[in-house]
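Only one chain is included here, represented as structure tokens and corresponding to the form predicted alone.
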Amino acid sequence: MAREYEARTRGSERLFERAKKVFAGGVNHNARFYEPYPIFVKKAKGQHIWDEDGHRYTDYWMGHMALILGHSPKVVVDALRPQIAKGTHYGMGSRLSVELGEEIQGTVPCAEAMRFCNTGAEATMYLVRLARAYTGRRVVIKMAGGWHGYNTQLNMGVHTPFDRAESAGILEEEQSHVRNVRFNDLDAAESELKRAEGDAAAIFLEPVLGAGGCIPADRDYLKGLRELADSRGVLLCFDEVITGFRLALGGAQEWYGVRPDLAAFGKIAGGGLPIGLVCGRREILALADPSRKAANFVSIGGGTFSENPLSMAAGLATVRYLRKNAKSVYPKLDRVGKETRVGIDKAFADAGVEAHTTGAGSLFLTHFGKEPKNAEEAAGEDKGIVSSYALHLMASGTFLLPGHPGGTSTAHTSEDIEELARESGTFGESLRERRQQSAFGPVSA
């Protein structure tokens, strides 16, 4: 598969060689690196991207799944053009930030109050700070495979073996009060709460496990966590950076009918521009009120570019569009997402290959082998096949980042999904043939 990919992407290969002389590893986000080298994008519109060689791809990465309306949607472009002339950065508040905050407050169940920042990673960092200050406790229980950005305390237990920091340079004591437990396992969460009795501040999780395999939480599991948190005076906190405004207008908390005490958002809330926000119960967010000067004041700086007017304008246009068109947008996203998961799995089944595409709403990720319920199970699959599948799709004009979840947008069509399923079937037939030719079991590449 790599040969076909390389023959198609010589322009990206040359640009990557230049990038390696400028950036560490040639990339500016670890997820964007994959073998033999990543595609470099020249332009994007709707559900499509074009690479340096001019080849068009149907895109399912969609800007880390931030682009629910597709690339450069008219509603966002029309909002940005006049705002650029009015100013690209104020370093102060504006009507735009108030209006976007009001829109979010009116759509997200837990968002009684909030604070904007620049990234989802910042938002999760502030969330932990608020939870510990409000409860006066230290321990945060997170899920194995749960990715909450690059902030130091939570950057652990994302990849196998799930018992260590994800980076060198992080001190053991900086993560000493973060506990990793198995996702979708209520007993594991309860056991950890007992071990941390009197010192547990928060249960923190993605309602759909992202980096850990695009695995949705069982509904009863989330309800059980809510009951556990309430019974022990612990805050239930959601990372909705991916699921926010995607599973439903009110995010996963609306989708599942489970209301957290705090939540972190990003991606879609910025309409394709940088954003993050932490929101939740008013009495918890009140700890960040600088006029209070309380002993347990929580410092949430937000960053130089917080409530940047371009991000506010793009986010406001997006959220307003979603609210106004929710009755058509979300049924379509659910339908196309289901078509994607079912179509891919049927194509592989017809080719005689066991595969299961997990996800919820418009999110999906294909696994080769049995359907995983947690990150530990997802980690056991053959990464060579996963990579080979993604390279096959890219060589045929479909972009999926190897090993990462994909997401559809309102710009995607049933025809796009049919093409994705056909190419999945083609790869499946090739994989089956290679397995049959091997005397040693599954072939990885």
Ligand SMILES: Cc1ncc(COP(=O)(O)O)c(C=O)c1O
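Computed from a prediction, not measured in an experiment: that's the story for all the values here. In case it trips you up, residue 1 is the first one in the sequence shown, and so on.
Although it is not shown, the form predicted in complex with the ligand is what the next lines describe.
Is G149 near the ligand? Define near as a heavy atom within 4.5 Å, in the predicted bound form.
Looking in the predicted bound form, residue contacts with the ligand include G149, since a heavy atom lies within 4.5 Å.
So in the predicted bound form, does V108 come within 4.5 Å of the ligand, heavy atom to heavy atom?
Output for V108 is no: heavy atoms all beyond 4.5 Å of the ligand.
Does G244 reach the ligand in the predicted bound form, with heavy atoms at most 4.5 Å apart?
Contact check for G244: no, nothing within 4.5 Å of the ligand in the predicted bound form.
Do E206 and the ligand come within 4.5 Å of each other in the predicted bound form, heavy atoms counted?
Within the cut-off, so yes.
Sort through Q253, T358, T119, Q175 and report the residue having a heavy atom within 4.5 Å of the ligand in the predicted bound form.
It is T119 that has a heavy atom within 4.5 Å of the partner.
At 4.5 Å between heavy atoms, only one of the stretches 190-198, 325-333, 235-243, 71-79 reaches the ligand in the predicted bound form; which one is it?
Going through the listed ranges, the match is 235-243.
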